[in-house]
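Structure 1 and structure 2 below are two forms of the same protein chain, each written out on its own as structure tokens.
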Structure 1
Amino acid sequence: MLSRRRFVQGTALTAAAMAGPARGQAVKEVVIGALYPLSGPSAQIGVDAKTAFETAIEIINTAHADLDLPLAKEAGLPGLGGAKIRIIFADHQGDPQKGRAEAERLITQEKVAAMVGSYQSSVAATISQTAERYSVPFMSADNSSPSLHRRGLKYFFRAAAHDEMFSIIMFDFLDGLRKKGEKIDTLALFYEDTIFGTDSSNVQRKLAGERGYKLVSDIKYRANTPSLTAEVQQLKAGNADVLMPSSYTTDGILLVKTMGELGYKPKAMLCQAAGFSEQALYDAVGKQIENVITRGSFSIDLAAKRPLVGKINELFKARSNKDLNDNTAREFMALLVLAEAIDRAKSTDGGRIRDALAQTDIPGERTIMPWKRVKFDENGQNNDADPVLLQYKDQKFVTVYPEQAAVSPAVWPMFKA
């Protein structure tokens, strides 16, 4: 018969094993799960995210004395005896339920210390709930729906801005143009029927009312739809001064192509990033939407003021033959922020990592972003992640707002009469 003493000892050992290495104990590697669409319509997003994370791992796992970034100076995590970061990628295919299942697999079978993801906000919603259930930190790298950090979760963190922050800067920009004499009275909202699209439209609808703009079109469409003809006909009939789409890449391409087929040219497009920050969209339709403006978290022209940005871009480009963009820059920084917290936690225990994340305070100068700093509030949101507006001019993105970050004035209207 099992004695009480042996039972208690066994229970304690089991609990210790589940909690991971004790504080300060050396480990060889720390395993992090990355959940992205690696197949399906958004597969390229996952491929690019993989490259962003691999670039971050190179910074963390090998010494880069010339880079003033978290964990760059030494090889590995000094707080864990030089342990290396290893990432296991999981394909959620853009499906929230697949995301939930893959998150559970990573936690229970792969024994990940933390997770990062996930591009689609609808998938982040299920991943983060699973992470919460198992007390495993989830770093939202590139999800922008504001509802994600307002669910009372303790293990959810987001270093980048959300759509309320992005939409406010978009309306500040429009207000500024109005003050300069531009006639901007009417808006058209166009958004997919997921948490990303509905959250984005809710914020923009509220701001339009508060700032005195009239919505002449308010169109929700089915994500990954085969046709947008009826919706574009409605947009054309409304003839708003500014079209504000919230769409991923495949839908964004279809939208612009359908606009061309139906002869619809709005005066301007002010986009909620997503597909409109992806080079694949511009490769497909760029000439049709020259001078389109999108919000962003990152600007490659920041390299002129901060050489660090150019150095990281060179490392990323050597792997992908692409420049960093809004998504990949956020992904790169998300992993650095997460790894920095794991290093300070000196443990792979989820609760200790969570507490270290809550104490994060990284100056903006030690990131590749135009942020003041990385510091999380009680909901796990970084409120100092200052966004920018980018305009696609001459086949590249240029920062046009706010004025202190702009390298070029905005072309307005987008299409000249």
Structure 2
Amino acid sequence: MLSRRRFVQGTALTAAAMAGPARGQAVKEVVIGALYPLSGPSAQIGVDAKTAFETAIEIINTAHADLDLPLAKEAGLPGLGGAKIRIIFADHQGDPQKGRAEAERLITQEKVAAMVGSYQSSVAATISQTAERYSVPFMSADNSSPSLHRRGLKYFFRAAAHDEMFSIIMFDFLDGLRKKGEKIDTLALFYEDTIFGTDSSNVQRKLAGERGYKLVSDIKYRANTPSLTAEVQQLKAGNADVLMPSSYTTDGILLVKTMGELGYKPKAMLCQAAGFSEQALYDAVGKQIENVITRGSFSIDLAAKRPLVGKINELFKARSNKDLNDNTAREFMALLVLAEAIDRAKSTDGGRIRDALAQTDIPGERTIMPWKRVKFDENGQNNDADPVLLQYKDQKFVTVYPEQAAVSPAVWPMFKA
């Protein structure tokens, strides 16, 4: 039986061979599956991701001569005769089994050419395994667990950084401050009991040991707990030089509120993004944590150097009434990187797209990220996705590290004693 995918692939190749845009109409669209939590406790992330992808689709499918991004200038994919990208969203509710089932559905029923996802690392584990079994590329947009790219999968790609890269830059920053004479000896780790919190704290604990910092608090808490009073009390008693939380939005808000309630002002906070990249947190408690520093994959103040970033942000904001953030910027970029490879593959065949992805080499200037470039290693990880550190000042994020990306030096410590 001639499957639809074979058919599409065949016509795509014919179209490519003839290289005529008029004849290329044979492939009208390329379907990509996006797997996100669209209901349940993380639904907000999924709904925001949806807007980020829709913005990326708009840029790919319509001509934007003023944007120097992959596929922006022409309408659709020139390599596939101007075919449009269509995205299908699937709800995995944060459940690995459902993620797997939805991935199978997208591959077999919707005949997606590739998939992108998935926020929760546990769900990415099953989606990427399914992708491997069906030879369909999976682009991890926003999963940060380092274990994901260490399973020898051929169809797994991640353009953004993972937790180890993130934590290393945090410690490089602390080392730099120490060299300048700041007294930084003790750290407090505060992390949720999920795969994210565990991975993040494991790397941080290891780095702290290697680089000679003492952990005075090491607190793992239950995610979405109703109260953090006793936990914050312990943080306050330890009074570390740097408080390092790995928390999502809900617990992040509760943490800061509880700190205020118990009169605890940490000397400095250096956060593993997540909740501390979300506008909702700063709307709620931003005033209390002026000068907080968080790692990020993205910073809106890049717009000062690269007007491109500002333009994309405007497009996104028009749809969502929010600024791009750490997650939505990564999601936006992941889809562009994926589409760029599909365009070069000139095919919707999973194997060819995979090979094209392996050849990807996009300079940092043609992204909206502070990355050096996008180029995947043999595990599908982009090691040039340099993270940045951002400081929240006057209700805005300012890039403060590394130096080549910094817009202004960091204010340290957070609260003058």
Partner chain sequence: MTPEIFIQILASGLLMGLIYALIAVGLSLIFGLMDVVNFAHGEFMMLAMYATFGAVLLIAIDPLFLAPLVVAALFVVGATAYLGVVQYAMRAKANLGMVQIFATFGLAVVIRGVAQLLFTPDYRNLPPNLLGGKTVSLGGIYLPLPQLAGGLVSVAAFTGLWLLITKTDFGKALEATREDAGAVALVGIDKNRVFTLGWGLGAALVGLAGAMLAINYYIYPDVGAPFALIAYVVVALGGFGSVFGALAAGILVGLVEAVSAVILPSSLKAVGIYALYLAVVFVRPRGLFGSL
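Here, residue number means position along structure 1's sequence, counting from 1. What you see is a predicted model, and the numbers here were worked out from it, not measured in a lab. In this text, the rigid core denotes the largest set of C-alpha atoms whose superposition between the two forms falls within 1.5 Å.
- The second of the two standalone chains is derived from the form predicted together with its partner chain.
- After superposing the rigid core, the Cα of Q44 is displaced by 2 Å or more between structures 1 and 2.
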